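In structure tokens, the next block holds one chain alone, the form predicted alone.
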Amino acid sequence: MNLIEKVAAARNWNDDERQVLEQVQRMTDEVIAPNAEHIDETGEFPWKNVEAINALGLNAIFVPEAFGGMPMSYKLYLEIVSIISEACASTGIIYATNYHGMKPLIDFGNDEQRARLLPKIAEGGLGALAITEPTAGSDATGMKTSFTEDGDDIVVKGSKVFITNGDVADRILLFGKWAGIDDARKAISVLILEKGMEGFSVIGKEKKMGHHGSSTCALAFDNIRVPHANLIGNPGDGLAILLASLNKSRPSIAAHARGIARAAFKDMVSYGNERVQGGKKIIEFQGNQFTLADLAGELAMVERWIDYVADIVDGGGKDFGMEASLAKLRASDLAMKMTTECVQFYGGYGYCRDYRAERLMRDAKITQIWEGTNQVHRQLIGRSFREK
């Protein structure tokens, strides 16, 4: 048993979890992995993959039972994200975004909201998270989308950019500023936008380096009237909800990056055992063994750290922001390093589309950018050492 296999074996999944993971692995082998190259080449949204995910009811594992779900552990959810992302990064982030967008509703919504809005997601509906604007990226307090109270409605006006699932989502968790609250931080509020509301439009889809099958959209909100009942919490609660939600979505991004890194590492090992140069398999060359050893060590440590963060969440922990930032930072940096080394390992073939090495490298880059750039995470971690 090699180092990575030992890390995987140490998880000790229970029988129910093991059964779910076996089903997910079979689904990715039979449906998602075979579709990945076509999706990357055409940019088509992978509806067949989404249907396969929904056939297993994978949204249900993070939705409470009272609202149509069959909840299981956060660690299991993260492992599922990694397995899907290893096969197809586009599909992995589509699935993970359902969690990113809807977990705040689960954690902070009231029972009426959850009963009304969550069953659609449990059944396989798509979710989205809308925070970023043209002038508000890492600094969410700079957002300009406005929420204005008008009787029983909230009138929404503004725009968002870089929204994963933005054009296909059934539910969008939307952040904006409450009109009448002048403080930029205290004004941030959050509500659920439902598919089909008048005044909503998709004004553009990005052409990206990677993740071609995942739609990334610019959205416009032209005086949309949203029922006040869709407001999560109270006006001004948005920033606290946002920060708490990111602590759970950042390990999810780490799991997504981990899946990409796993794919690249497995490809390197497989290619190293097949490719012969000078009468020897290239894995027998000492330099290549050193490369694999270093990468295996980094991957093993990322695997264990993500498990550690998952254990904190499953144990009911509340204060894990730094741990979540470190998971996202290290996993995404490793995904980029691993895929770059994978291309190099394959030589000229790695630069061509004969193999998926170049696709993995393109898909890896965004993991260092979204859900907080890695520079921001280094700042968050670094400034925690300041003496007060």
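Owing to the predicted nature of the structure, the values given are computational and were not obtained by experimental measurement. When you see a residue number, it is the position in the sequence shown, counting from 1.
Omitted from view is the form predicted in complex with a small molecule, to which the following refers.
* Asked: Heavy atom within 4.5 Å of the small molecule in the predicted bound form: which of 302, 169, 163, 309?
  -> The option sitting close enough to the partner is 163.
* Selected contact from 130, 190, 255, 268, since only one has a non-hydrogen atom within 4.5 angstroms of the small molecule in the predicted bound form -> Checking each option against the small molecule in the predicted bound form, the one that comes within 4.5 Å is 130.
* Asked: in the predicted bound form, which of 150-158, 117-125, 72-80, 132-140 comes within 4.5 Å of the small molecule (heavy atoms)?
  -> Selected range: 132-140.
* Asked: Does residue 145 make contact with the small molecule in the predicted bound form, using a 4.5 Å heavy atom cut-off?
  -> Contact with the small molecule, no.
* State yes or no: in the predicted bound form, is some non-hydrogen atom of residue 21 no more than 4.5 angstroms from a non-hydrogen atom of the small molecule? => Because no heavy atom of residue 21 falls inside 4.5 Å of the small molecule in the predicted bound form, the answer is no.
* Asked: Even though the small molecule is not shown here, does residue 208 get within 4.5 Å of it in the predicted bound form, heavy atoms only?
  -> Residue 208: yes, in contact with the small molecule in the predicted bound form.
* Asked: Looking in the predicted bound form, any heavy atom of residue 366 within 4.5 Å of the small molecule?
  -> Contact check for residue 366: yes, within 4.5 Å of the small molecule in the predicted bound form.
* Using heavy atoms only and a 4.5 Å cut-off, decide whether all three of 216, 370 and 373 touch the small molecule in the predicted bound form. => Checking in the predicted bound form: 216, 370 and 373 are all within 4.5 Å of the small molecule.
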